[in-house]
Structure formats: C-alpha cells, structure tokens
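So this first bit is one chain, no partners, the form predicted on its own, shown in structure tokens.
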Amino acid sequence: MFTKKRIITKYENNPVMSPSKMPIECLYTFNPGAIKYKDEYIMMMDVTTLDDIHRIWIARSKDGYNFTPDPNPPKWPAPDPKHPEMNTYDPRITKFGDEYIILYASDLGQNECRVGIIKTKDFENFERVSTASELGNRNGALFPEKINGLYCRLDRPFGNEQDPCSMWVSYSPDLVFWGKSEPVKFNGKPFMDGFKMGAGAVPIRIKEGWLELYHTVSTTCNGFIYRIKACILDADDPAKIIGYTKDFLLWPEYDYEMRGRVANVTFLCNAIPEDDGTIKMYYGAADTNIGLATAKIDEIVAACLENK
C-alpha cells in the first residue's frame, strides 16, 4: 500500500544550523545527535573546520528551533592509544539511567572507521568508555535499555564506502566487549533496503517493539542519494523486523539538501519524542546544513505496520 500523504513535515525556516551561524569560520555543519537535557535541546553536530577535520560541536536551544553553538567544541576525551582518531562525527546520544552515552564514528580516514563510545552527565564533561569495534564499522546507535540482560546497539559493518552494507545488531555486557552480532532480518532473511543502509535515530520504545528511523542509500547515474525510512524491531529480538515503511519518509528536495559537501543527502542521527506524541528530528542536509523535521509517532508506526 502506498503512503497517502507526507508523514514527516520539514520546518518552514530550515536550515536551523549552517556554517554561517557558527562562532568561527568553518566549512560544514551536519548530522547531529540530539536530545532533551533539563530545560534545553542539545545538538552534538558534525562541524568541519578549515583544516578539513570533522569535530563534534554542541549547540543549545530553549525552544527546539533557535540554536546557539557553544563558543568552542567540547573537551574531547583522549583516544585509546591503540586506536588513534583524527575525525569524530555522526554522534547518537542515548539516555541510560542518569548518564548520556554517545556512540560516534571515530576514524583516521574514510575507510578506517570504528565505533567510539563516550559518556557524560552534564554535556560539559565527557569520559571515554571504549573504542568499541574493529576497523570498518559506524552508525552505532545504543538502545536505551538492556535487552536480555545485555547492552544492545545497531551498527553498520562495511568494507569500503563504495560497497553495499546493511544494518546489524550487536550485544555487550559492559559497553567494551561486543559480540553476538547478526544482520537485521525481515521474514527470516537479512534485510537490505537500498544499496546500503544503516541506523539513524536511537531506537524509540513503543508498544509494538522498537521504532527505528534509518537511512537508505540508492545509486543514481552519477552518485548516491540518501533518504530516510522507518521500521519496527521486535522488543526482545531487535534483529527481527516486524514491519517497515514501503515509501520514503524524508528525502532531499530543497537546495540546502541537494547542494553541498555531499549532494542529495538527508541523514538522521536522532529523533526526540515530545509529550504530544510527535518527534523532532534534526537531520543533516547535503553534509553542509542542519534541518528540522517533525512527525507523529503513531503515523510512522501505522505506515510500518502496513508492510509486515
């Protein structure tokens, strides 16, 4: 069944963040993790400085629409000496108890990427937990509760950025050692939706299981196009997809999403549930700007259940 209407609505005053709004000269702002903390919205966004290094930078907002970047990037925890890192980007923030655990891409180059994990209680002071994968993994998103007694994350193992790759589930007793990895499956078979795909937002607990918004990448005659879809994962076995959206929910269509460092990209690292049943999503646009979009959770869930 085709989706009858647009489910995700883009904010009319997008983008909510761009390089011109930063306190320093920079090249790009994109792909933020985001969460509500106390009385404000926090975005931990990718910022590419003039040396062409991706650094995570925090911006804050009282209303969820108007963001002010911090004067400087946060003091980043020193990397594990065995796993040096140059770029840090694509963070996903999970509230776990009284801590906020952040999974991010830690790399020395495009195909030398690992999943790094740090944590904070106040978004001022950060502590390293681990470098939680070998080379060739990214898009880590930690579930906000243990599953069968273990920490659980979505991730995306890959060989080369030009190769197909899909979404996997991995488990850990301590956020350091990870295993029991398996691909996400639909009807018992590994799920591949597009040329490559991976986790977007931190999974959201719903009565049907876990709602996951993910990115799916299609090939075109001259490159890739990144769009967003959603699926529902089983509550106790998140490697099992219950249903997913047949149609795209978010896609590049405006100039700020189609022209930039990487053309034709809408990329998601967050989805913030609000008390009224909606979610706010701050998404990367063409790896250059950040847009805001909103949707009703029950409408996304209904679209997933149409395709079981």
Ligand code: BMA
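Position 1 is the first residue in the sequence shown; the rest follow in order. Keep in mind that what you see is a predicted model, and the values were worked out from it rather than measured.
What comes next is about the form predicted together with the named molecule, which is not displayed.
*Asks:* State yes or no: in the predicted complex, is some non-hydrogen atom of N31 no more than 4.5 angstroms from a non-hydrogen atom of the named molecule?
*Replies:* Yes, N31 lies within 4.5 Å of the named molecule in the predicted complex.
*Asks:* Report whether the minimum heavy atom distance between D174 and the named molecule in the predicted complex is within 4.5 Å.
*Replies:* No, D174 sits far enough from the named molecule in the predicted complex that none of its heavy atoms falls within 4.5 Å.
*Asks:* Taking the shortest heavy atom distance, is E124 within 4.5 Å of the named molecule in the predicted complex?
*Replies:* No, E124 stays farther than 4.5 Å from the named molecule in the predicted complex.
*Asks:* When the contact criterion is heavy atoms within 4.5 Å, does K229 count as touching the named molecule in the predicted complex?
*Replies:* No, K229 stays farther than 4.5 Å from the named molecule in the predicted complex.
*Asks:* Look at the stretches 34-42, 261-269, 57-65, 243-251 and give the one with heavy atoms within 4.5 Å of the named molecule in the predicted complex.
*Replies:* Going through the listed ranges, the match is 261-269.
*Asks:* Which residue, E145, E161, E134, E99, is the contact with the named molecule in the predicted complex, using a 4.5 Å heavy atom cutoff?
*Replies:* Going through each option in turn, the one that passes is E161.
*Asks:* Quick check on this chain: which one of W210, W178, Y151, Y89 has a heavy atom within 4.5 Å of the named molecule in the predicted complex?
*Replies:* Contact residue from the list: Y89.
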